[in-house]
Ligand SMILES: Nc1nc2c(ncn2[C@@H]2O[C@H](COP(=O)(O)OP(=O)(O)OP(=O)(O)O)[C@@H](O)[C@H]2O)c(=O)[nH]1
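Given as structure tokens, the chain that follows is alone and in the form predicted alone.
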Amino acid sequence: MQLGFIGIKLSGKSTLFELLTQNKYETVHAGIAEYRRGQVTVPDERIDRLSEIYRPKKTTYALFDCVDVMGVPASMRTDQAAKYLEAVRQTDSLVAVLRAFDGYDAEGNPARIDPVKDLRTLEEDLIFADLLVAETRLEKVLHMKARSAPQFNPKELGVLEKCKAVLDDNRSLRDTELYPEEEKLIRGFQFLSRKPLMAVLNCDEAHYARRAEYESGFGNAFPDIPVTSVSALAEKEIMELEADERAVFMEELGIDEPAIHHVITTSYAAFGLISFFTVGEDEVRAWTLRKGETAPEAAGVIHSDLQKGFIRAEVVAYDDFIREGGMAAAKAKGLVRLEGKEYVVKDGDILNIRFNV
């Protein structure tokens, strides 16, 4: 899973990125654009509990690959903004970090707190970047049509014209209904405004107490975009303290749980993700899967050979496993099942894949 972090310059996006990746990232230069690439470890108390039981040689949490794009100044020409956004075109989903603190904008003017307006600005940049891609490809397709080229596909022409009409109307492709065949035809273009999107309101200490008010106002404007709030700078400073001091300062500031919990919980819900587990003395590990995917697809997440040679999956629900006190007791109660290729994996399933290659 790859997340692309976007935001207007000085939104605190990079502070949040550094907090989530624990300052472990690499900086990449690509033309005029600059971006940072790192990983976020997904905290999960279930993995902690399973590791206590198995005491494995290795415990592995689920990971998100993250890309942090240099903040785009609101005054930047849209065609320039499009070049900055190319860095997140290959990501699966987008996280828009929106300012909810006092200070100054990129031009040195007093900043206003208006996350709704900021997201609309970002959406316009995404739409324009997609329009450039659609127009470029459409021009090539029309040229192929004029030459009666054998690679011309009238269905591709149709879906590109459909997408361009939406983008010309300054609307994102996220809510545009496409047939499965149309979706397949445009998948390679990685349209930014079609990617799943969630919002993070980045507050300072003074405004964090008003986060419910900001989230409510944002939800009224964008009811289909999941939103959560963090105080990235305050929490980053807290993380530099000794462990026994952190909880005290977080309580004083009203930070109910770490930012990573807010972001991960919201992203799992927003992007339709679940976790499943594999366990044993060698390793206890969490894996990320999309809701609705099957046991063979889960096997493929572990290793492509497991999906190719999939026979069955031995499955037990995490809650059943914990309640019964382990695998042997769960089997004795008939709670460990053998499931076939049609089985849809549930959040918290513990899987053991049977395969033959």
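Start at 1 with the first residue shown and count on from there. Being a predicted model, the structure only gives us computed values, none of them experimental.
Below, we turn to the form predicted in complex with this ligand, even though it does not appear here.
- With a 4.5 Å cutoff on heavy atoms, M70 counts as touching this ligand in the predicted bound form.
- Interface residue remark: A232 is counted as part of the site for this ligand in the predicted bound form, having a heavy atom within 4.5 Å.
- Contact annotation: C163 falls outside 4.5 Å of this ligand in the predicted bound form, judged by heavy atom distances.
- The closest heavy atom approach of L3 to this ligand in the predicted bound form falls outside 4.5 Å.
- Proximity to this ligand in the predicted bound form, defined as a heavy atom within 4.5 Å, holds among S275, S267, S193, N202 only for N202.
- Only one of 179 to 187, 111 to 119, 96 to 104, 152 to 160 places residue heavy atoms within 4.5 angstroms of this ligand in the predicted bound form, namely 96 to 104.
- Shown here without this ligand, the chain has no residue in 321 to 356 lying with a heavy atom within 4.5 Å of that partner in the predicted bound form.
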